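The chain below stands alone and is given as structure tokens, in the form predicted alone.
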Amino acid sequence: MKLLSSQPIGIFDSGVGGLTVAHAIRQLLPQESIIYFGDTAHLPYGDKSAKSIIYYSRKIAGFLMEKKCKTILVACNTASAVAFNDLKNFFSEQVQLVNVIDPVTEYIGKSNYKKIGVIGTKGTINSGAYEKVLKSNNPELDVISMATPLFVPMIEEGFIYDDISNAIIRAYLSDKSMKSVETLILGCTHYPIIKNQITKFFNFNIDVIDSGKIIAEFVKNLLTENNLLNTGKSQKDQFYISDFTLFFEKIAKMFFEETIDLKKIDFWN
């Protein structure tokens, strides 16, 4: 299947989190068109079974294929950890596939950190995806992984920049295992929305890795290498969800600073 540079980039996540990556791609590659799918009917993915996550991911990727996307970015760490190999088996000969774990671990591999913290959903942390890759590149690296399952529903419900979110952040990150980490990987694309609060918790003394810009650069390099970087005009971005939420629309407008044409679509039955 021949891919064209004018085709859109497909991005999917369980909810609003992937918008942080979509926004970074829009900033770096304004000429590209984006089709975004937020699976709000099934969020969070972090507490779902591997079988369910693979099923959801395969259905969404199929939908983005029907939309003729040249690249599909799995902008969910849990789906990247659990379903990405399955997606490669099904779709890699038809479309470029990108996950959100490889670009970040590749970036970290170029650093001199000795103790790294990783926070994410239960699904991501239990998979050990970050730790496996990081330690395979540097066996001496001390990787501290922690599941922070309340962060996604907290963000999706709009509890940010308030006493509730600060209390939840403090409850998780004050754990003694996080003491003396040099950098913290936000292993969920929802988490950059509360990056400032997390950085403030650590008194701005550690590097908090926001994956959005790293992933956007990775996508740009991939498109460039394959002569798929769009040089023409972009089409209007499209946003789809599996269940309507007011907060999704609010966050989407905040990131993209324009009226969002949000469409609900149900292809599960």
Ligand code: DGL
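Just so it is clear, the model here is predicted, and its values are computed rather than measured. The first residue of the sequence shown is number 1, and the count goes up from there.
Below: the form predicted in complex with the named molecule, not depicted.
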Among 134 to 142, 176 to 184, 102 to 110, 74 to 82, the stretch whose residues bring a heavy atom within 4.5 Å of the named molecule in the predicted complex is 74 to 82
Does every residue of Ile9, Phe37 and Asp237 put a non-hydrogen atom within 4.5 angstroms of the named molecule in the predicted complex? no
Pick from Ile198, Val152, Val98, Leu87: which residue has any heavy atom within 4.5 angstroms of the named molecule in the predicted complex? Val152
Whether Leu43 contacts the named molecule in the predicted complex should be assessed with a 4.5 Å heavy atom distance threshold; does it? yes
Heavy atom contacts to the named molecule in the predicted complex at 4.5 Å, residues of 98 to 135 in sequence order: Thr121, Thr124
